[in-house]
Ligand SMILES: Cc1cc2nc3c(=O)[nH]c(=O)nc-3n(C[C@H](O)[C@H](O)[C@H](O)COP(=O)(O)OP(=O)(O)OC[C@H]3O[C@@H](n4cnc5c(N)ncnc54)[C@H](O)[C@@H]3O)c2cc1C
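Just the one chain here, the form predicted on its own, laid out as structure tokens.
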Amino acid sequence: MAFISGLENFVEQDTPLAERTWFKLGGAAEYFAQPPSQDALMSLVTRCREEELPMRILGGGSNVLVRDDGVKGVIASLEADAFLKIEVEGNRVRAAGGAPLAHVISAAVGAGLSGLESLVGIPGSIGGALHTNAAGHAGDIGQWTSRAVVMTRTGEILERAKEDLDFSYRQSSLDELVILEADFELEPTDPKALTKRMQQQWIVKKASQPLAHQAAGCLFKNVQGTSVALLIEQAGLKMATAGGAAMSERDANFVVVRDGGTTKDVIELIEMIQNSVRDRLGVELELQLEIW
């Protein structure tokens, strides 16, 4: 309990994480924190460094697979109002790192600002979207990012200008512990036309992905512009299963977890697909999700 001393108002022990992820799988966090402010977050980071405890940030949980025996160290969730702010001024949208990407897109579209609407349907927070450089058919979030503020693992707060940022396929130079906020410079557009375009993109995207009620997640990064779903189908694995984990009928790069499925099942399916695609097609598949 020494770790929690002084942090009891926002840190607890042995907190189940399954319901906080899209897969609905996995064990508990050794410590789970919901800091109410940036100062509280800094205190938490400092305590983790002093106690040599690993710390991770959990956003929307769409890109995380938690192991069945849980996660050691501290898992922090930025759900307080201090980490959810969204401001629009001129052609700039400023969003806190914990703000849901969907809310930021809606704010931009509502203000008649174009650029982020192609990301509609991508789950998670702004911090997660920047960390993985979330992308849609018309581009990625990085191309619109003009500034970011981060907190390092030592608790230091740094501001990153556009020229200091580097974005590429499914990754970025924003690899610090926490992305506190970011600015997006967007393009003025007719709000009605923009809203209609976003709605059409949403319908198309939802039609190709697992149903909303299913516990599911996307597994692999595309390979040099080639769809991983196509590679998986070419390797004869479109309907592959392992225990309670099965590849989605709608998209072969999504895994759906059936009742009774476990993280162990998903990992077994991941390894089966990687090995088979390597052996049959000579292609190495790289995971898109994080396994904790």
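Each residue number is its position in the shown sequence, starting from 1. Given the structure is predicted, the values throughout are model-derived calculations rather than measurements.
We do not show the form predicted together with the named molecule, though everything after this point is about it.
The candidate spot formed by 103, 142 and 144 lies out of contact with the named molecule in the model of the complex, as no residue has a heavy atom within 4.5 Å of it. Looking at 237 to 245, 25 to 33, 55 to 63, 263 to 271, the stretch with residues near the named molecule in the model of the complex, meaning non-hydrogen atoms within 4.5 angstroms, turns out to be 55 to 63. Although the partner is absent here, residue 135 sits close enough that one of its heavy atoms falls within 4.5 Å of the named molecule in the model of the complex. In the model of the complex, the named molecule lies farther than 4.5 Å from every heavy atom of residue 155. Not displayed here, the named molecule is kept clear of residue 80 by more than 4.5 Å at the level of heavy atoms in the model of the complex. Although the partner is absent here, residue 160 lies well away from the named molecule in the model of the complex, with no heavy atom inside 4.5 Å.
The contact with the named molecule in the model of the complex, taken as any heavy atom within 4.5 Å, belongs to 216 out of 148, 71, 216, 198. Only one of 86, 165, 111, 177 comes within 4.5 Å of the named molecule in the model of the complex through a heavy atom, and that residue is 177. For the partner-free chain shown, 97, 122, 123, 124, 125, 127, 128, 129, 131 of 95 to 131 come within 4.5 angstroms of the named molecule in the model of the complex, judged by any non-hydrogen atom.
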